[in-house]
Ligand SMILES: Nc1ncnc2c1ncn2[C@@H]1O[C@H](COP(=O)(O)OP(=O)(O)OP(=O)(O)O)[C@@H](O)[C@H]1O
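Shown next as structure tokens: one chain only, the form predicted alone.
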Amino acid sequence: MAFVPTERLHLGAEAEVWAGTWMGQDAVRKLRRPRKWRHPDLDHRLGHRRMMSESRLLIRLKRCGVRVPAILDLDPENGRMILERMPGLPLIEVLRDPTQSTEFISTVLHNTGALIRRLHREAITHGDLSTNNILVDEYGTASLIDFGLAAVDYEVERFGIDLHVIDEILGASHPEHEGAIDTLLDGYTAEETLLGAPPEQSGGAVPTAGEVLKRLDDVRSRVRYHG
């Protein structure tokens, strides 16, 4: 792979992520890290399966016009993936920037909600909707990254949990932005109003935005009860 690394972006339990260039283009390299406690053969099979699943979902979403990185090169045998580097900063940094206007933050949150709904309309849940995995450019346009835990799903529960993750993070890590989740959910609903009912997928019917929001309320109630 003709990747020239310049800066390590993330070192996690599952993968090491570097920024750099690929064939002269800004890119990101995701290198899977072996799990030493697993048998090597099992670890290789699981890693290969996860990387193939992630790449298929990214290709599918890119074809549907969802703002996710394009795959530039893939070596699942060695656990390496080269991705387009999406523009912008992580949402966590944007929300913590005191120089950002209220209007810009509102636009960002609305656009983020709309993007998540577009993802869900393809019968795909992200699995880790944290403010680190949402990028925002200077115009307030949002992109999604890190699909290592993403999956095709048709159960409304999984979509509700997807939204509950970002709900909890906005409330716990960004309390200064009062009503942030409401603005995000307004964008989520507005996207469905704009596009109409979700199309039928090969695996079945995708839950509507209304059904997902109702399930989000159910998840919130269960968490409060058990908390």
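When you see a residue number, it is the position in the sequence shown, counting from 1. Just so we're clear, the structure is a prediction, and the values are computed from it rather than from any experiment.
Keep in mind that the form predicted in complex with this ligand is not shown, yet the notes after this line are about it.
Proximity of Glu211 to this ligand in the predicted complex: non-hydrogen atoms within 4.5 Å are absent; the residue sits far from the partner.
Taking the partner from the other structure, this ligand in the predicted complex has a heavy atom within 4.5 Å of a heavy atom of Leu135. This ligand in the predicted complex comes within 4.5 Å of no heavy atom belonging to His110. Asp153 falls outside the set of residues with a heavy atom inside 4.5 Å of this ligand in the predicted complex.
Residues of just one listed stretch (169-177, 154-162, 193-201, 25-33) have heavy atoms within 4.5 Å of this ligand in the predicted complex: 25-33.
Comment: this ligand is not present in this chain, but in the predicted complex one of Gly140, Pro76, Gly127, Pro90 has a heavy atom within 4.5 Å of it, namely Pro90. The listed set Ala114, Met86, Leu72, Ile105 contains one residue whose heavy atoms approach this ligand in the predicted complex to within 4.5 Å, identified as Met86. Contacts between stretch 8-25 and this ligand, counted in the predicted complex as any heavy atom lying within 4.5 Å, involve Leu9, His10, Gly12, Ala13, Glu14, Ala15, Val17, listed in sequence order.
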